[in-house]
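In the block that follows, a single chain appears as structure tokens, in the form predicted alone.
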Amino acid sequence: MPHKPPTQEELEKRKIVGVNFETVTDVSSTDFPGHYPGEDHAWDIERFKKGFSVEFHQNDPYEASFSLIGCDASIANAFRRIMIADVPTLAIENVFIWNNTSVIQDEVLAHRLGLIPFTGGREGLHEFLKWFEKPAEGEQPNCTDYNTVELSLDIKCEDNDDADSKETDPTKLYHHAHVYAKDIVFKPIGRQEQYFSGENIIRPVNPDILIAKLRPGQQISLTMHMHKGVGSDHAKFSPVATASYRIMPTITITQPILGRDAEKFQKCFPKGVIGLEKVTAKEAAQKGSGYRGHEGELKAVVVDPKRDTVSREVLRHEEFKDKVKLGRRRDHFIYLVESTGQWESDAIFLESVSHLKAKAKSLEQQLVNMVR
């Protein structure tokens, strides 16, 4: 018998991971050649283009949320890992301490300074500044204006002669009792002033990051060199505070949920997932709808499933046992990207796309070389 092609409903059902009371079903993908007799599931670029899309839900400079729809989990995870580990940023790499009489040891102080996120002019950070090549043993480092950014921190704590005799707050008793990121001074070299001046000056993303606490007589005097790096070398170079994704939740109401049950059903989910609407006259008159005789009563409807955390709370209640199905769509990934400030959040994702393309071309060239 000839193979009957699947309906659109069947195709959508294949994409859903079932979330049950105690089990998770259909966790493996089935859209590969040979799984369904008579169906062609060989990868095709045109088919991929037709089914793939990107939808932004939030796009702020420091935080973005968007969906990748129609791709495999391996590709989705590749973008996440590239955003964390391969997109370059500028961070403090070398600290030259001339004087440190604070209670913080030199090594700890240098580590704290390295983790402070900085920002500056986008053109200077991403185009003008180049990679710094570490010198071989015995050679002098080649620090220039296009591969090294110099910063300095010179703070000394002193008594405040104008403080009240009964004052107990150290920030009022002393000058520079607390050392903050805003106390770090950028020292432009050569052409850096063209790219990093005015609003584009290199500065901490958050000026109020606490570096150390000092008391009268204590001093910190040091110079820092910043270089480009990637998160795979050290977390301080990662452009994101977090880059994560989750699979799109699905909620299917299979039988009408009305009245007080609808209100209870709504409370089983995070705010905004389930809404309450009144049963219309048309629905109440429709045969087999389940709403006959319930005109004007409240009914539960799914409003925004992506807000759901899939806690399965609703499955604990006997009255909802056969009225709802929970799941996740395996080809719909909801990303959350939080930038540390050197890249805009959406630009980090676009940069990860460029990196993945470059990796694919490099792999392709290696295969070509193997054939030769």
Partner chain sequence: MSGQDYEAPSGAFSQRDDATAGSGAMIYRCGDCAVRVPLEKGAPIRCQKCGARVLYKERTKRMVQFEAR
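Residue numbers count along the first chain shown, from 1. Note that the structure is predicted; figures quoted are calculated from it, not measured.
Just so it is clear, the following notes concern the form predicted in complex with the partner chain, a form of the same protein that is not shown.
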| property | result |
| --- | --- |
| Which of 146 to 154, 195 to 203, 263 to 271, 289 to 297 lines the interface with the partner chain in the predicted complex (heavy atom within 4.5 Å) | 146 to 154 |
| Contact residue in the predicted complex, from His126, Arg81, Arg215, His225 (heavy atom within 4.5 Å of the partner chain) | His225 |
| Answer option from Asp164, Asp106, Glu133, Asp169, heavy atom within 4.5 Å of the partner chain in the predicted complex | Asp106 |
| is_contact(Glu277, the partner chain) in the predicted complex, heavy atom dist at most 4.5 Å | no |
| 4.5 Å heavy atom contact, Glu93 to the partner chain in the predicted complex | yes |
| Val301 within 4.5 Å of the partner chain in the predicted complex, heavy atoms | no |
| Exercise: Asp233 in contact with the partner chain in the predicted complex, heavy atom 4.5 Å | yes |
| Heavy atom of each of Asn99, His111 and Gln140 within 4.5 Å of the partner chain in the predicted complex | yes |
